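Each of the two blocks below gives one form of the same protein chain as structure tokens; they are labelled structure 1 and structure 2.
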Structure 1
Amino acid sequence: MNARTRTARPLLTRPLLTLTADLLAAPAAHAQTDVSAALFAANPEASAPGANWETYDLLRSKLGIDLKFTMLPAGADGDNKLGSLAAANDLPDVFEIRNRSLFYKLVEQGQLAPVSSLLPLMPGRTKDRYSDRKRNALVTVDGTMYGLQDPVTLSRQYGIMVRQDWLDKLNLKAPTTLDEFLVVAKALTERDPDGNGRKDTYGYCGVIDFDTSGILPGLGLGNHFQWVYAAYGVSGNWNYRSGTSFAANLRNPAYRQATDFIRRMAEAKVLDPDWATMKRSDLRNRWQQGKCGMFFESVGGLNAGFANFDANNPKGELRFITPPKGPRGQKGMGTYANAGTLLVVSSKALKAGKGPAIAKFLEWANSGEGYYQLGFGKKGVDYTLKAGIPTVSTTNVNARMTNTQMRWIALNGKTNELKGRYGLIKAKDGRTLNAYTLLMDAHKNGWIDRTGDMLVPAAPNQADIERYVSESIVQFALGQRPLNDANWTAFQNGLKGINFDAYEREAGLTLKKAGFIK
């Protein structure tokens, strides 16, 4: 690493400007460089761009790059495809990785190239995205940087939404403490807030969900209940304290207290009775149908489902509430990681001399023409700029989604971008919700940065650990297993049987080594 750093330093001084200008200059017609790129589809429901995609023409004419873009299938299928390509020594030149285990495996196999030499070739992008030491630590192995780890562009957009019209009808105020939350949830369950004469509403709707889109759900019940654990100061997996005080949060007695609060909600029948088994799509159907007084949702989820909600609840009014305080005044919505898209370069590509072309392409995508082209589509067709805010202008949604399948290497999460992506949500009666304002409200909910969690290596029996903890907490919350001293001690003792101590010890060492704890 030291040798590589010494080699890179001269490129960071005065000659950099000249070199970058040369790289970005229009090439001669014959100086085309083939670059293959594979990313997870930004819009899986839409098709991949065709051979006549305008972006391909722009890259050929302005950068001298003949790009071949492939969409990776979501989830494990995408991981498997990359694994197969690696086995055939046929990885794309630049590609996205979402599976950290696969990242480390490809590094170990020598399939990924060190990327430090590319940073001076894309100074704008490096300044904006790859200048954070801790974030770069996420992609550094034995002192060598093997990945381009973008910051997260959209996180902390979740929160607890409440039916304000129901609160008004029942003359209630939004809860500010856990005790008040229970009282309000009980009223929203039992006092017929929708006025249909039936007891068919729920005080709180949430599910066991481990979606990681910008937030870290942690062990146990997932992200829809992290606000309860935050109210007791134990959200997320680890406490990030130094030395011998470092431990998994589930070791803390407060973790049991938080679990007991959820048990009390279930016992009081203010939770949707299907919370432990239903999926997120079921939850969304229920709040859109008008069954939930309070529920856990994202701004994006609200944006997507509001039209259906509005049709079913013409006078319905939704807003976020601040997370309720716990017995010691603590509150929060959960934990998040400031890490978004992870790009890597294949060793094969760097050996073939494609590094400068890859850097040129990524720099183009970071700002100006390339940023808008990849992030929002064709100017004047897919979007227009209004006071610097990219505003969708097309009604051909599928075409726009196809044109923006590579958007995650361009988007940056800055104010104008978010205002463009999250505009006004309109109800049929003319009322509006400002999605950008809601997003900013959600950001204020006391989220805790736990980016270091992404470095913690999975235990050899990670699936066993996750299953044991989740199933145990569900049993306690449902009352299937009485939450008493004996059973809680038995639960803690059971961690030894799955070698949780070793997992916990490795987590502490890793976080300390990377500088996330002292």
Structure 2
Amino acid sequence: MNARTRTARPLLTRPLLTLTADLLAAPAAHAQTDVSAALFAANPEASAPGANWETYDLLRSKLGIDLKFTMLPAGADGDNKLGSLAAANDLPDVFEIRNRSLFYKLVEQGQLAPVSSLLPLMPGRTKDRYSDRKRNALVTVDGTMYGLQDPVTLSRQYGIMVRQDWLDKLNLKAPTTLDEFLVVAKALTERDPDGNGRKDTYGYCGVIDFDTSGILPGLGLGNHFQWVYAAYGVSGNWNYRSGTSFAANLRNPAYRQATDFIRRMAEAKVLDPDWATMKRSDLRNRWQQGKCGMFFESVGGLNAGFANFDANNPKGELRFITPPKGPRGQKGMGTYANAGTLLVVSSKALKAGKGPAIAKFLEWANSGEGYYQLGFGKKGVDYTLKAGIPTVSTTNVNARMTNTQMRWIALNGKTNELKGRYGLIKAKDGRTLNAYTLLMDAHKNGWIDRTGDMLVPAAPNQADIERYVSESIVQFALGQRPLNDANWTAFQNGLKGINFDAYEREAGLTLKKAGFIK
């Protein structure tokens, strides 16, 4: 052994020994599992959390999880993004799916992992959210559970809002029947309720909107007109009533009558004439500007837009009306699904052994520290906890919204949570609206549970079916196609051309098999 070798030995051995000692001393502290998560933006108008997000540090230090969160854009863009990631076989480890067709497609392609092995690893969350057999059936394919279907936390928050100050001014009562609705809407259109000397208000403002989470819109004109169909007992796609043979609601003559009522509204010019082209944001601008006597809106939308409304209409007073009754006394605001966030785990993640880390993360988000952190942000800054009610801060709103972009995996829809999220809405002159009370009022609006619709598989020509039905109905409603016997029969006969019978038959079989119809 020469001198050179003798001097080299300690130089090599010392770092090796140090490294070994480090690894032996604290193996768990350094072992981090990478988990990528993608959720639809809870607050699309706010940015995604930055790399210095407190939650990331908490997860690293407490759970040994190095989380990478990606915010999916709202609506169809988010579905398309997931579809592209799936096509590239590059799905996140755990992610949210809102489009049922995509869910079935990914199951069929083997891109989603069975999740039942994760349930024992998150006992609290499983007990709270994944122990309902009927709900779990929504994500079970051929006996295997491929998704974590949360119960709904916030649904049925929509309703018809009325300008109570305008009703008072015109000496009108809130409508309780469809006929009264038309009379009141006509007055709100023609009798200048805002007193500006111009005929620039509309009795009812709604849009064709199929994109509201928590409500199942179905074919036709979407959520904002479902209350009309409910008044005729035909809201939603399918006839669930026992004792009758299963069929699509549009087969029912009452469906034509409901469409005819909307046509009468359009003909009487009480509908905002842009209803068939406007987006939801345009509608919101209009009621906030004071153009709508009655309009379809959510409590969340009211919460967000009230300040602007108040600035434009200092004496403006808004309240929900009960859904108007139809000729046979039926009423309802629309349909909803008793199922909320759907989380799925990619097959790749489970194969890579990330299942336990994902379960640990979801369990953390279910209650205690994780629940508040993801659901409400930073304690003392984004919210305060008073008598168990997390009261959100009214200052620093943008930061709070960024900090709660992942809130849908935490929120549970319990009373304290809703009270915290929906507090008092204050007008400039000191008047207040209790958003929580409004929400509870909205819940009472006669919603029809159509959870089973989620199971109905998309037809191979789904786009053509949706177009044929919705286009025909809107043409009838606008009066572009006269709503007479000949045209209605032609519409019904045309359903054969798009193979609607097969779609309807498949829906019936699926709903029967899952126990939603007898």
Partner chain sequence: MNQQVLSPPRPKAAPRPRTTLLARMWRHRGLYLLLLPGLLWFVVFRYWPLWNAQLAFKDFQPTLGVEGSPWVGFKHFTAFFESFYFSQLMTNTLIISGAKLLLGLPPAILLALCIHESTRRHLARFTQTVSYLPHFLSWVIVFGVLLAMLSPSTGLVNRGLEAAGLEPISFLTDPAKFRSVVIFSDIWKETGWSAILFLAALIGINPALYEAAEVDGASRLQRVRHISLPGMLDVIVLVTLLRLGHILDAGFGQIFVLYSLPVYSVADVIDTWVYRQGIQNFQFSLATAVGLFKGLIGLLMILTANRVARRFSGQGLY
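Numbering for residues begins at 1 and runs along the sequence of structure 1. In this text, rigid core is short for the largest set of C-alphas that superpose within 1.5 Å between two forms. Because the structure is a prediction, the values reported are computed rather than measured.
**Q** Looking for the form predicted in complex with its partner chain among these two structures; is it 1 or 2?
**A** If we ask which form is the one predicted in complex with its partner chain, the answer is structure 2.
**Q** With both forms fitted on the core, give yes or no for whether the Cα of D441 moves by 2 angstroms or more between the two structures.
**A** Stays below the 2 Å threshold, so no.
**Q** Once everything's superposed on the core, is T402 shifted 2 Å or more at the Cα between the two structures?
**A** Shift at T402: 2 Å or more after core fit.
**Q** Just checking, between the two structures and with the core aligned, does T189 shift 2 Å or more at the CA?
**A** Not so; T189 is displaced by less than 2 Å.
**Q** Once the rigid core is superposed, tell me how far the Cα of P73 moves between the two structures, in Å to one decimal.
**A** Spelling it out: core superposed, C-alpha of P73 shifted, distance 4.2 Å.
**Q** After superposing on the rigid core, what is the C-alpha displacement of L121 between the two structures, in Å?
**A** Taking the core as reference, the C-alpha of L121 is shifted 3.2 Å.
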